[in-house]
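Two separate entries follow, structure 1 and structure 2, each one form of the same protein chain as structure tokens.
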Structure 1
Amino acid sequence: MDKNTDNIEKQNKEQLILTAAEHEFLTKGYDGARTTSIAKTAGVTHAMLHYYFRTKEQLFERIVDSKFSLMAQSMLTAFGNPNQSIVERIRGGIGLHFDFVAQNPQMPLFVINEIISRPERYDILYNRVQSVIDSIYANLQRDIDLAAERGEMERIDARMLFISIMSLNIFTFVAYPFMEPLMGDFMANRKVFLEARRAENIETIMRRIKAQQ
């Protein structure tokens, strides 16, 4: 009668499936993923997978939910920093965001693909983060305007800035497999390249917002 009878074991099985599913969905997308393949990777029969998660759909939602909130969080927390100057907060935010994407390089493409193929499903999700985004944007824009008036930086629309930062940071990883074979030695050492790219992105944005004299 105890639901948690064998909690360790159960968590193991369920967790094994979730881990395998995460990898399968992130690398192959919903359509390319196979429940049999997930079960095989997890080392369970595919009936077990259906026992725990009923349908492929439900298993997928579990993965999507965790990845989405992580993604949204990363983009927002990077710029909510404490009592630094706005310019330094932006500089630090770019780096933080870059590092997050570097540690979850498949996530952006996964999220983008998923939203494109089933946009209607994410209305609820959007509503949940909308207010947070609005307030972050308002604060950021206010600080930018204030700093601009003091001549510390260029006046710029915070949303444009946001898009530019995400573009530079995310595209690096999204297009990595596409560019790597074309760039010869330039991207051969991934770590070296990513460090240079990180610095380049920061430099690009810093110059964009630097006050013109």
Structure 2
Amino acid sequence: MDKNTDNIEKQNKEQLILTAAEHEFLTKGYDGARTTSIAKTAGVTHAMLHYYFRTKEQLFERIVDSKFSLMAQSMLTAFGNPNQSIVERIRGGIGLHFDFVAQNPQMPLFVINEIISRPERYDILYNRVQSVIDSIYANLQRDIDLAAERGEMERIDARMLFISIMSLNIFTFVAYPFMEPLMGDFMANRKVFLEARRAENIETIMRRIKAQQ
């Protein structure tokens, strides 16, 4: 086996482990997750899993890093686009954040449960979220202030904007399993409901920042 083939096989096995670990952690939490189960799902031996990721903690942090890096990349792409007005960037950022949560619907409850059940994990999760917010906040606040001075939008604290976006988008997915049985046909078609909810969340925040005449 040549070196390139060996590297590809190693990357493939690592990805299989990460995919299995993501499902295990998000569905069972850190305490409930078992490396033996991850190895079995990934189709590797338990010893091989520990060869690639020495500890359960290391594997957990790799999953968390991957998810928050993906979220950061999508939001930075929207909020930092110099070819769009700040109002359109905010609109795009709301939508992209919603899409990220839609693609990772177990993530919000996972984060909440980890903080409640293992408070010591708060620092790990906080540092990931804080790095995302810090990388966006300063320039976004500057552009919001300039747009407000030009009368293009209402002045708003960017931190409050983030809270509004996360609250509306995340609650949709946290509440869905509990609300769906109560709402009957209104939420029966998940795809249709989420498309409508995405549009509603965007419109709600856009009305908040719309310049008053």
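Reference numbering: structure 1, starting with residue 1. Whichever C-alpha set is largest while still superposing within 1.5 Å between the two forms counts as the rigid core. Only a predicted model underlies this, so the values are computations on that prediction, with no experimental measurement involved.
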item: Selected structure - the one that is the form predicted in complex with a further copy of the same chain; value: 1
item: Core fit, then Ala42 C-alpha moves 2 Å or more between the two structures; value: yes
item: Flag for Ile202, CA shift 2 Å or larger between the two structures after aligning core; value: no
item: Residue shift check between the two structures, rigid core fit, Ile144 Cα at least 2 Å; value: no
item: Inter-form CA displacement between the two structures at Tyr52 - rigid core frame, Å; value: 8.3
item: Value in Å for the CA shift of Tyr30 between the two structures, taken after the core is superposed; value: 3.6
